[in-house]
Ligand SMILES: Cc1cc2nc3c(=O)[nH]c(=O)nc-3n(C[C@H](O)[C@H](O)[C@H](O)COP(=O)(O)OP(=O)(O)OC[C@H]3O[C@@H](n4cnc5c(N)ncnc54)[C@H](O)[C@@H]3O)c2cc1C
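Heads up, the chain below is alone and in the form predicted alone; it's given as structure tokens.
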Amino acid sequence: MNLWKKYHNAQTVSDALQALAEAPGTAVLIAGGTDLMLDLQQGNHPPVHTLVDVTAIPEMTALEIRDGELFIGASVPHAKITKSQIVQEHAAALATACGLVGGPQVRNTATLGGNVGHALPAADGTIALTALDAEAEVASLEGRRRVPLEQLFAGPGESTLDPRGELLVGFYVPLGESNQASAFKRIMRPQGVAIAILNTAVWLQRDAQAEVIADVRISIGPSGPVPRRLRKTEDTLRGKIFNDETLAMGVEVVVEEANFRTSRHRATKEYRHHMAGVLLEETLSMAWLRSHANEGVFV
């Protein structure tokens, strides 16, 4: 049984968009395809007429410093991101997160764009990018736009992008500066493939003149129907001296702010409330240490 009728290897972004628009039936983008192929084989995806492969588009496989920002193409696989020195230096949380996705074979194939495009509230790469204040570059036949990452998600597994008219080209992440660092941690349960019970990403900036959290961004997944930052918790920590009392305040607020529920696939609401505090403390502490040690270089 054929799972699709036509396979189109796009050479440019406009080529891919044209193929999506002109397909006579359902058209779907494919890069790593680690989830899509399983869904097609198991009958969990509607029939597809055209698969549009975007792995040969040069700008979607780029990983580089571009105009003062870190650019990661949507078709870059997780393994390449994890091993990249510039990602380790400027976005350590993302390097760690991508190194935890699936197993080695999955990481060699699965892409960051696929991780984000699935719009799951606990996707490791997505949670890291959210805390890193990333923006997505979105292309259509009418042009291109940059979108804050949080605006890509409409609900669990629901993207705001038009599947027949828009394409994720890649992601822009601010370069790390002095006294800034990030970290990522998660708790997982192996169930055929590893899924996160909880994951946490933190970016922070330390006041160079004092042991104070000058700025901080936090994302915990799943803490609601879509990936998001926990801004109330951030506001509680921002401007505070980094000590046990501040960490305890952050833990108290994050438990109130995060919208946990019991999941038969992950854990109970009560367990996740408890572990969210543990992960927040550990991740904040790791980012804080990194902000002292070689200005946030991956450790």
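Keep in mind it's a predicted model, so treat the numbers as computed, not measured. One rule holds for the numbers: they count along the sequence shown, beginning at 1.
The same protein has a further form, the form predicted together with the named molecule, not shown here; the description that follows concerns it.
Heavy atoms within 4.5 Å of the named molecule in the predicted bound form map, among the stretches 234-242, 30-38, 269-277, 256-264, onto 30-38 alone. Using a 4.5 angstroms heavy atom cutoff to the named molecule in the predicted bound form, all of 74, 110 and 186 count as contacting.
At the 4.5 Å threshold, heavy atoms of residue 106 reach the named molecule in the predicted bound form.
Of the heavy atoms in residue 230, none are within 4.5 Å of the named molecule in the predicted bound form.
The closest heavy atom approach of residue 117 to the named molecule in the predicted bound form falls within 4.5 Å. Looking at residue 161, you'd find a heavy atom of it within 4.5 angstroms of the named molecule in the predicted bound form.
This chain is displayed alone, yet in the predicted bound form one of 134, 198, 168, 216 has a heavy atom within 4.5 Å of the named molecule; that residue is 168. Contact with the named molecule in the predicted bound form, defined as a heavy atom within 4.5 Å, holds for exactly one of 123, 92, 204, 81, namely 123. Taking a 4.5 Å heavy atom cutoff to the named molecule in the predicted bound form, the contacting residues in 42-75 are 54, 60, 74.
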